[in-house]
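In structure tokens, the next block holds one chain alone, the form predicted on its own.
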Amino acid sequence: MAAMAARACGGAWRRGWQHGRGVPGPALSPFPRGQRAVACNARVGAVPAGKSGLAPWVPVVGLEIHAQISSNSKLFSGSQVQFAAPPNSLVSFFDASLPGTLPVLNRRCVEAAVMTGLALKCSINKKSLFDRKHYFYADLPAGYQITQQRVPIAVSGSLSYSLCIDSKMSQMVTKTVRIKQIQLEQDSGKSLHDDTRSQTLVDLNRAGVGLMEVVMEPDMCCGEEAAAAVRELQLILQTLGSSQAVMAEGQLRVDANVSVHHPGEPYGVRTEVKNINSIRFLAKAVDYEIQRQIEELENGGTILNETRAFDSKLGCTVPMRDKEGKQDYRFMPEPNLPPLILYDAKSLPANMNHQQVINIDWIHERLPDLPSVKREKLVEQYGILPEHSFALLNEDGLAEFYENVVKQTRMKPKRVIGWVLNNLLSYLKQHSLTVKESPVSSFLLADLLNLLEKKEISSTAAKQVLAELWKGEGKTPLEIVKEQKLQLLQDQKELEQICQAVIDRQENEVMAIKAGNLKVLNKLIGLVQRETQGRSNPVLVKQLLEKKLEVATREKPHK
């Protein structure tokens, strides 16, 4: 399979890059994190003119996102939903499409779709319809999928997302993508290809699982924007609880539609990159496809209306099937499901059983704070930078961890954020752990920061203690400080003697300071810290050194 993918990628490359340009080079590989892709040039979505000398290219990106609904059972049957269950162990008669079986709509799935639509500022249709979409795959037993093609459950919304415009993550810009619609539909099963035995096996555990398809308008212009929009949607879904949205488990899958054109001209022919299961791969796939299309057109080629896949190992998109002949899905109304009727406070009949209807206003009143609101509150309450609030919310559970530390320590929130993001989070990423798996609890970190704030230990010693806490041996910060004798030196005379000894050994540095190079003082402070094994207060050391150096510079001419 890898060899076939490599040949396919090479073929695609040769069609787009002619004249012996060879295999893809680093200049056309996806851009590293924090840098701008060519499609995001100047933040207007225009790519500089190529060798044709025509106007800049304008990339256009639209997304279709399938989110698996968090529900104990499937959309139209009572079968359980469970990731990685034994193959074909969670299949009802309806899921297997046995004759005579009928769909029964799952209330939880409808509520999740309404909640998501409200969070994305959509208009909720009080009457929506179900349809059959026909196509024939081995993992679709009925030969059709139940979806909402004519009248979906929600329409005309928007999603605001933010992204950095410099590599230091210090400047951010907010953009908005329009949401065309959100529709309910059932998932298909899964085909498992065994190349060794040249056979395909079918697992129907996923068949019938409830999905929300979120269709975004083509308002984006590069992979970075697409990735930021999907990440924000993922956070919203997780906050609402309408989907766990774990991409690694297939709970959030993205199809990207990409095209390029010159300003003032109609949109170009688009290609669809299917089933992208990683935000990082989404950014790479979109940027690669934009570059591929531009080079293809610059060399006099044409863009095919086709479906492509992203090969993460090769870093390129590869053809799957063409879409020149439009597939006839033979849409028809689903005869076994009546229209889905929703109510609000005004339209709810007086004698209606509330357990048998869905009240849009009732759901709206119970919406939790969305990520954008949480970020604003974090910035306002703790005085942290906006980019810090993004970093806190991007890691599941990290914002709560930070707030718990702030509540339990005397240290100012602006200083706490540095320890949480620069120290704790780096440990977690280094060991591929989540916040919930951290051996250092918020209580232990707060206890450590209290020792630092009370000037019982130095920041250097605090980092040593944190490294010990990471081992998870059950010791408290104070116990580690006492065991390793990391307390700050309290004897000022002893510290003065150490400072004087360092000065005596560093004649060149003293002369440089005397000549006005005060930066050299930091080297002397570091040497004192080394002598005391990090047990000296840097502020006090600086004061003592400055005092002694002032004396030294007065006495020097008399020697």
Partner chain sequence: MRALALARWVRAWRVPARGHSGHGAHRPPPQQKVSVEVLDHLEHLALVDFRDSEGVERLQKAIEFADQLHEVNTDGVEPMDSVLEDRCLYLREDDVTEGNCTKELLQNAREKVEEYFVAPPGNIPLPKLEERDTFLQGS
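Numbering follows the first chain given and starts at 1. If you superpose the two forms and keep the largest set of C-alpha atoms that fall within 1.5 Å, you have the rigid core. All of these numbers come straight from a predicted model, not from anything done at the bench.
Just so you know, the form predicted in complex with its partner chain exists too; it's not on screen, but the next bit is about it.
Visitor: Please determine, with the chain shown alone, which of 383-391, 277-285, 174-182, 134-142 has non-hydrogen atoms within 4.5 Å of its partner chain in the model of the complex.
Guide: One stretch meets the cut-off, namely 134-142.
Visitor: At the 4.5 Å heavy atom threshold, is H431 in contact with its partner chain in the model of the complex?
Guide: H431: no contact with its partner chain in the model of the complex.
Visitor: Using the partner position in the model of the complex, report whether V110 sits within 4.5 Å of its partner chain, counting heavy atoms only.
Guide: Output for V110 is yes: heavy atoms within 4.5 Å of its partner chain.
Visitor: Any chance L204 has a heavy atom within 4.5 Å of its partner chain in the model of the complex?
Guide: Result yes; L204 sits at the interface with its partner chain in the model of the complex.
Visitor: Against its partner chain in the model of the complex, would L314 count as a contact residue? Criterion: heavy atoms within 4.5 Å.
Guide: Result no; L314 lies far from its partner chain in the model of the complex.
Visitor: To verify the annotation, which of these, R410, K471, R150, R415, has a non-hydrogen atom within 4.5 Å of its partner chain in the model of the complex?
Guide: It is R150.
Visitor: Its partner chain isn't shown here, but in the model of the complex which of L192, A248, A467, A345 has a heavy atom within 4.5 Å of it?
Guide: Selected residue: L192.
Visitor: At 4.5 Å, heavy atom to heavy atom, what parts of 335-351 sit next to its partner chain in the model of the complex? List them in sequence order, or say none.
Guide: P335, N336, L337, P338, P339, L340 sit within 4.5 Å of the partner.
Visitor: Superposing on the rigid core, is the CA of D361 displaced by 2 Å or more between the shown form and the other one?
Guide: No, the C-alpha position differs by under 2 Å between the shown form and the other one.
Visitor: With the core lined up, does the C-alpha of E400 move 2 Å or more between the shown form and the other one?
Guide: Superposed on the core, E400 moves its C-alpha less than 2 Å between the shown form and the other one.
Visitor: After superposition on the rigid core, does the Cα atom of E265 shift by at least 2 Å between the shown form and the other one?
Guide: E265 C-alpha, core-superposed: shift of less than 2 Å.
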